[in-house]
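Quick heads-up: it's one chain on its own, the form predicted on its own, in structure tokens.
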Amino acid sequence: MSISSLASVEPVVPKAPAANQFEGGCVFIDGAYAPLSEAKISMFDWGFTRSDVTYDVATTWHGSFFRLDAHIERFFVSLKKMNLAIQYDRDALRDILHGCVRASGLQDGYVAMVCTRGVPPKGARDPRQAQNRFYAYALPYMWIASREKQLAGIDLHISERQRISPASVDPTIKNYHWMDLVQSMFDAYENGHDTSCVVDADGNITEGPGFNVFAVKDGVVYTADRGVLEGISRRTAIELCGSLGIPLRVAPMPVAALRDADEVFITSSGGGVLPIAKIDGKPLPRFPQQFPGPITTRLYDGYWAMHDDPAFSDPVDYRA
């Protein structure tokens, strides 16, 4: 629905689907719940042809959403910044996301909300005339790296590729502009590393494909202050530093500072706080004698403990 016409439309919120109706995964498309096999997008949708789309990803763990309100709020902020709109308010969106998880029966899930520009009228090139499309879906939880791999040691490659300039694409909008990130992953694979991060025009560390980057030096935690998605897991780590009394600096992070760090970790909804053991194949000073490092361990434990805090937990109703 175009932005101008949304105000006159009364949204129809579907009732909660049957529990386990689409076991293992569920999509919400065209106003209804369906199995994942029915997920589709027009090849003429600008979300596909121009990456003109925003999205957000929440997670469920042991049957409860973690920080769902924060994900929904960021999604609505992104919609506004991109001149996109959906026909559901925040409460209705929450119900839809819960419905996807309920219908899938997943306890540990990866739950996405997506809005594309849609398809404009035939022959039109004006994005204001496109019919914005909303989708949601639930899949099994996805890790950036399994706990076994984390403990064995993730090897992070620092790519020389530059992240898209924040002057061109606002990085605080969760988007699919991943060409630089995907190519950096190939840089990592070709050099025998596990994953990658990229830099900005000044050579400072920005982010990786789906995660923020942190360094620890002499007991102080550092992370980039600009040119990155302000991840919910990043926010959680920053808040934990405050509550645990760990000094924090949010500032430009030169490549040399990451290579010289005592500890390095990344944050993502796909694993929370994940420790890094090597930078471009070179072990960090504490690996393997003390790995993960003490601050990374405190933040890791704090992150997962927050999942049991009712202030951040939103249980799913799986009753028949």
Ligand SMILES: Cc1ncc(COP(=O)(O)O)c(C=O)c1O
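Predicted, not measured: the structure shown is a model, and the values here were computed from it. Don't overthink the numbering: it's just position in the shown sequence, from 1.
Keep in mind the form predicted in complex with this ligand is missing from the figure; the text below concerns it.
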Each of T60, R94 and A103 having a non-hydrogen atom within 4.5 Å of this ligand in the model of the complex: is that the case here? no
Ok, A152, L229, V169, M82: which has a heavy atom sitting within 4.5 Å of this ligand in the model of the complex? L229
If you check S159, N204, N212, T195 against this ligand in the model of the complex, which one has a heavy atom within 4.5 Å? N212
Can L181 be called a contact residue for this ligand in the model of the complex at 4.5 Å between heavy atoms? yes
Using a 4.5 Å heavy atom cut-off, state whether R133 contacts this ligand in the model of the complex. no
Would you check, heavy atoms only and a 4.5 Å threshold, whether S233 touches this ligand in the model of the complex? yes
When the contact criterion is heavy atoms within 4.5 Å, does G109 count as touching this ligand in the model of the complex? no
Partner absent here, but in the model of the complex, which of 27-35, 40-48, 61-69, 260-268 has residues with a heavy atom within 4.5 Å of this ligand? 260-268
Give, in sequence order, every residue of 130-147 that has a heavy atom within 4.5 Å of this ligand in the model of the complex, or say none if there are no such residues. none
